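Just one chain follows, in the form predicted alone, and it is written as structure tokens.
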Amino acid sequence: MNRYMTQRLFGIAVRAAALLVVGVLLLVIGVTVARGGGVLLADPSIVFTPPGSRYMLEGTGGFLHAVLGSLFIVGPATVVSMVAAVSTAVYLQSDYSSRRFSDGVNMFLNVLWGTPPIVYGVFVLTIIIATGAQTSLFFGIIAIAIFQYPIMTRYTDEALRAAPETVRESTYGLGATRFESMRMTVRAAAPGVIAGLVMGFARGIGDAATVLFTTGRSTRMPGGLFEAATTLPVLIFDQAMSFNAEVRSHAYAAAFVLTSVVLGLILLSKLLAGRYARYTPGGNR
């Protein structure tokens, strides 16, 4: 087999793999839209209506409590995780730490990124049991923040490393301190930092395993930081196993809402990254 034939076969394999990935994605989205979209068109109020006390038996009501639970958990967790992630990523740069130390920390971050989300949930559950506490929004925020931390840190670290070296050199040449220089570098890396923020939020809002053991299950509206709540992924898990056909149909509707939110966040990250890229060195204004 000559090299031209090898190149042609490799090209065919690459295209086939790309088509397979796109095909599976379109299939998942298509089934979710067809099943969940139809339910929402028939009864849009299920998004904005809280469920009744006998919801799993009667199937009356909606999943507003799960939407609010997801926002109340993932929103604060994203803020906490982003502050820690940006601080860590800044410290891993050459101005503050050695290359060996930075590579070692990045290795551990990669391990944390690859750790199954349910492990984070079990870890926080261990803390709950040890302290004699109960599952609540508070522990869900902690679990999601820990889960998001390696994702956002790696995104931010890569963005800072990819920032133009001229930014750091010019700031030092003007007599700036390390803090002032890094602040300008973070600004230059804003597209990557924003992408990490949005992707971390999307991963957090779409995760069920992390909050499965930490927030509990509830059909009531979130009532406080230390009360049980539920999220959209956990709600979908519970509804999909119901013997009630109407409840199972609501699971598809909730899956449609969740998929739409995640896809929207991914598109938003691309748009924001492109917008902020205009204000970075070398960006198109």
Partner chain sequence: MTTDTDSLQNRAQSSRLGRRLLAERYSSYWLTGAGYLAIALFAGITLLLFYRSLPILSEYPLSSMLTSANWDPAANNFGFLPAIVGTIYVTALSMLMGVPIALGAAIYIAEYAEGRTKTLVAALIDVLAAIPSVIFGLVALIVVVPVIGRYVAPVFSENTVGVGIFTVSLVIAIVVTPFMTSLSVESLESLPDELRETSLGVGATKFETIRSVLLRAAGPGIFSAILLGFGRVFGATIVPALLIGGQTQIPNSIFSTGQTLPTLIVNDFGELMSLPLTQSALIFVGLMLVIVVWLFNFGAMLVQQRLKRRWQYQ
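Positions refer to the first chain, counted from 1. Just so we're on the same page, rigid core means the largest C-alpha set that superposes within 1.5 Å between forms. Because the structure is a prediction, the values reported are computed rather than measured.
The next section is about a form of this same protein that is not shown, the form predicted together with the partner chain.
- Out of the listed residues V167, A159, A195, V90, V90 is the one that sits within 4.5 Å of the partner chain in the predicted complex by at least one heavy atom.
- Contact with the partner chain in the predicted complex, defined as a heavy atom within 4.5 Å, holds for exactly one of A251, A228, V39, I46, namely A251.
- Using a 4.5 angstroms threshold between heavy atoms, G206 counts as touching the partner chain in the predicted complex.
- Residue contact check for P116: one or more of its heavy atoms lie within 4.5 Å of the partner chain in the predicted complex.
- Although the partner is absent here, R187 sits far enough away that none of its heavy atoms falls within 4.5 Å of the partner chain in the predicted complex.
- Not displayed here, the partner chain is kept clear of A163 by more than 4.5 Å at the level of heavy atoms in the predicted complex.
- Site residues V28, L109 and A255 are all in contact with the partner chain in the predicted complex, judged by any heavy atom within 4.5 Å.
- Residues from 18-42 that approach the partner chain in the predicted complex with a non-hydrogen atom closer than or equal to 4.5 Å are A18, L20, V21, V22, V24, L25, L27, V28, I29, V31, T32, R35, in the order they occur in the chain.
- Taking the rigid core as fixed, one finds a CA shift for L267 smaller than 2 Å between this form and the one not shown.
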